[in-house]
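One chain follows as structure tokens, the form predicted alone.
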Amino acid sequence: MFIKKYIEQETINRRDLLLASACGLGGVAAAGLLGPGMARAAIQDPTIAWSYRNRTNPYWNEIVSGGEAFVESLGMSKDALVHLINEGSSEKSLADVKALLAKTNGDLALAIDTNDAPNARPVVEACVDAGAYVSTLWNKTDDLHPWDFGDNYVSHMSWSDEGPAEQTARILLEAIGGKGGVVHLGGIASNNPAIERLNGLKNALKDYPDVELLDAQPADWDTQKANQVMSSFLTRYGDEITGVHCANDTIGYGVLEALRAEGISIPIVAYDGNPQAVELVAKGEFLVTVFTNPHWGGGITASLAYHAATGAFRPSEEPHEHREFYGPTIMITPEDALEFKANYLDSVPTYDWTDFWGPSNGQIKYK
């Protein structure tokens, strides 16, 4: 059964993947020579790097596959992409970036998910001070904006998760007949998407007074932790639980395995549109998942940083909606799961990596 194998393999692979991180990076930093927001000459041949959690997670594997596809579009081997694997540590994320900035003397085009929102500012400031170019994905604080840093902080892409998460919640609440008890398993508590996806559930619950949110706990985007959290929920609440709202697919895998271990079948909704999750939707084991096109997101984030670094365009001359923007989302239900799989997963679309904002979904809005 793929979920059990996934949980076991996740532990084995995690150790091996650490070898691909920025071990041994050294050198003397060129930070501070230019000053924040000061443009430097175009970089002829910048190092291209992606900083992310790990590749055992199918979502992040797709993100980085997009980055590799972009690198290959430049006529390079995909191995030219430098991988900075932080394993969920913001401290390691920042340290790896600083080490790579020193090694490359700032000749760097960096795509990064900073792991949590507060870590975005020190990462961006380190890149700007070194004259590197950085594009961020998912996590940053609301007061941090690319246009405040000239050209070097190129762009930020996130997804408007609250709305789609509310839609998945409404599908769940309808499936349980508008009454009963639900639990939510979330991501890292300080992550923007984790916050928005829980808020989406809470928004939907306002229209369902006969449904109780029994508990909401972080599962850190992790299958094994989700399995443990769901097992504890079952021990505490038993058959009071009539539905499960998961912040992402990999959490859903752990939930499903915990339910199977107890011989329980109740509705589950998830998020991310990973291939295994789409199969589970097609089989009716997940009610719905949401696809955020991570392959495109990973490739275009790297592309924006690279093309700004090489002087192909000047971010400071772009409107705000080109510097902070939402990525696309597609809701996947049992009715359209197989068609979606054929169009997006069985054959990955070919993208024009210079069409920077083609599938994007408008400027990010803050409450």
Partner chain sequence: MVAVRTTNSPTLPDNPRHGIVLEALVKWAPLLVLLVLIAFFALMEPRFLSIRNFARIGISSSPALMVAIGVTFVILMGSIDLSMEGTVSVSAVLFAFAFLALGGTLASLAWLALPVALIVGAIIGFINGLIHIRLRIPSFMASLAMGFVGTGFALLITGGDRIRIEDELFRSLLTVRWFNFPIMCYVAMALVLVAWFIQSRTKLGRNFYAVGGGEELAHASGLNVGRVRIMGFMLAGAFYAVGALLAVGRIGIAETATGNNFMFVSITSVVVGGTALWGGIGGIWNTVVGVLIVNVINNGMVVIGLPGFIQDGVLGLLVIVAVFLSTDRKSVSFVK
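Just so it is clear, the structure is predicted and the values come from calculations on it, not from any experiment. Positions refer to the first chain, counted from 1.
Keep in mind that the form predicted together with its partner chain is missing from the display, and what follows is about it.
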### Message
Under a 4.5 angstroms heavy atom criterion, identify the one residue in N293, S231, S158, S90 near its partner chain in the model of the complex.
### Response
S231
### Task
Note which of E72, E212, E240, D148 lies within 4.5 Å of its partner chain in the model of the complex, where distance is taken over heavy atoms; exactly one does.
E240
### Query
For the chain shown here without its partner, which stretch in 176 to 184, 114 to 122, 134 to 142, 215 to 223 has non-hydrogen atoms within 4.5 angstroms of its partner chain in the model of the complex?
215 to 223
### Task
Although its partner chain is absent from this view, report whether T250 comes within 4.5 Å of it in the model of the complex, heavy atoms only.
yes
### Query
Closest heavy atom of S77 to its partner chain in the model of the complex, within 4.5 Å or not?
no
### Message
Residue-level question: is K206 within 4.5 Å of its partner chain in the model of the complex, judged on heavy atoms?
### Response
no
### Message
Check G327 for me: does it contact its partner chain in the model of the complex (non-hydrogen atoms, 4.5 angstroms)?
### Response
no
### Task
Would you check whether its partner chain, in the model of the complex, lies within 4.5 angstroms of a non-hydrogen atom from each of P58, T235 and K283?
yes
